[in-house]
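Below, in structure tokens: the form predicted alone, a single chain.
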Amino acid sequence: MRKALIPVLTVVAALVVIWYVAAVALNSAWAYNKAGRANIELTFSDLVKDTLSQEKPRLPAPHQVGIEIWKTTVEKKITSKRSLVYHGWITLSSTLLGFAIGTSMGILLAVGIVHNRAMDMSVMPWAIASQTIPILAIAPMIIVVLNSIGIQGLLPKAIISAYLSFFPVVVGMVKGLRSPDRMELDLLKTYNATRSETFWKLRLPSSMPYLFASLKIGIAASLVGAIVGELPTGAVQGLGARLLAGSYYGQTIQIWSALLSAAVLAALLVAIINLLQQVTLKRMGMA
């Protein structure tokens, strides 16, 4: 455990130091501007103190973001509209629903692509082409179209999440289902195994490492989709709404606290999938 933690903590410490240095450098212009108007000569210590305590800094210091996260999580009721836990739950709900839709669709498409040459030649190119469309361009269209037919709330954001998460699952699952080599497939043929038996006893178990690898990418992409889905609607709930509100009023500390919260949420979701992967592969005798 110690050997695993030391490199991680070293990188984190280096990033924090770089963050503080960048905060001093980016916020110094405003500090010098205030000192010039007041005819005050700033010492280095005064400069550092000012740049790390500004109300609306260009780049908030790590401790400012940490204090904001503490105030909006621990010191706020989870039902409060100012609570990051509340907004995080709204975004997480869209993320999980979109991830479930995208994963189910991706697995079904992958199975069809592997077992049907027509789908392989037609669906796969379209799946690839769909990812060339910027999500920021298509998200408002999805929201507007669904709103026009009375579909609002969680589902439109979930669809955007599904749009981003299904592609990694399709690609990973196709690769996994095709991973058995010719000798293994020929062996099942000698046992007169049907296509269904080959799928359940060989192709599907062989695809599990590929599936979990793509699920880790998909869950992170799904979270991004949920946040992006909140931006074009002027939402008042969710981490995307916190980003919007911070942008409107120049609250950079609020913006960074929402961003860091989203990053922590993504890390937790990936860690959960990683745990499921370890348990599943161990029970299958593959780990």
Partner chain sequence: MTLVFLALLLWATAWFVNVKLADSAQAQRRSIRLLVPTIFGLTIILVWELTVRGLGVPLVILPPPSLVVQTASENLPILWKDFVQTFLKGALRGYVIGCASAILVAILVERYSFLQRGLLPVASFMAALPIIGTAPILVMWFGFDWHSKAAVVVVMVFFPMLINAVAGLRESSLIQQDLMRTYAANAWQTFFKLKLPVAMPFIFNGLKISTTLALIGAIVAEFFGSPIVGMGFRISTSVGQLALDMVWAEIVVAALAGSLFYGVMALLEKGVTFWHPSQRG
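These numbers come from a predicted model, not from an experiment. Residue numbers count along the first chain shown, from 1. Take the two forms, find the largest set of C-alpha atoms that superpose within 1.5 Å, and that set is the rigid core.
Same protein, other form: the form predicted in complex with its partner chain, not shown, and the subject of what follows.
Engineer: Considering non-hydrogen atoms and a 4.5 Å limit, which listed residue (Ala100, Leu108, Ile138, Leu155) is close to its partner chain in the predicted bound form?
Structural biologist: Contact with its partner chain in the predicted bound form is made by Ile138 alone.
Engineer: Which pick from Ala25, Leu15, Ile272, Val279 sits with a heavy atom within 4.5 Å of its partner chain in the predicted bound form?
Structural biologist: Result of the distance check: Leu15.
Engineer: If contact means any heavy atom within 4.5 Å, which of 29-37, 46-54, 64-72, 223-231 contacts its partner chain in the predicted bound form?
Structural biologist: The contacting stretch here is 223-231.
Engineer: Report whether the minimum heavy atom distance between Pro7 and its partner chain in the predicted bound form is within 4.5 Å.
Structural biologist: Looking in the predicted bound form, residue contacts with its partner chain include Pro7, since a heavy atom lies within 4.5 Å.
Engineer: So in the predicted bound form, does any heavy atom of Ser206 sit within 4.5 Å of its partner chain?
Structural biologist: Residue-level check for Ser206: no, no contact with its partner chain.
Engineer: Do Arg117 and its partner chain come within 4.5 Å of each other in the predicted bound form, heavy atoms counted?
Structural biologist: Yes, Arg117 is a contact residue.
Engineer: Going by a heavy atom distance of 4.5 Å, is Leu187 a contact of its partner chain in the predicted bound form?
Structural biologist: Answer no; every heavy atom of Leu187 is more than 4.5 Å from its partner chain in the predicted bound form.
Engineer: Just to make sure I understand: among 236-265, which residues lie within 4.5 Å of its partner chain in the predicted bound form, judging by heavy atoms?
Structural biologist: Leu243, Leu244, Gly246, Ser247, Gly250, Thr252, Ile255, Trp256, Leu259, Ala262, Ala263 sit within 4.5 Å of the partner.
Engineer: Can a Cα shift of no less than 2 Å be assigned to Ser130 between the shown form and the other one, given superposition on the rigid core?
Structural biologist: Comparing forms between the shown form and the other one, the Ser130 CA shifts at least 2 Å.
Engineer: Closer or farther: the C-alpha atoms of Ala221 and Leu136 in the predicted bound form, versus the form shown, with a change of 3 angstroms or more?
Structural biologist: Closer together, by at least 3 Å.
Engineer: What direction does the Ile135-Ser247 Cα distance move in the predicted bound form compared with the shown chain, closer or farther, given a change of 3 Å or more?
Structural biologist: It is farther: in the predicted bound form, the C-alpha atoms of Ile135 and Ser247 lie at least 3 Å more apart than they do here.
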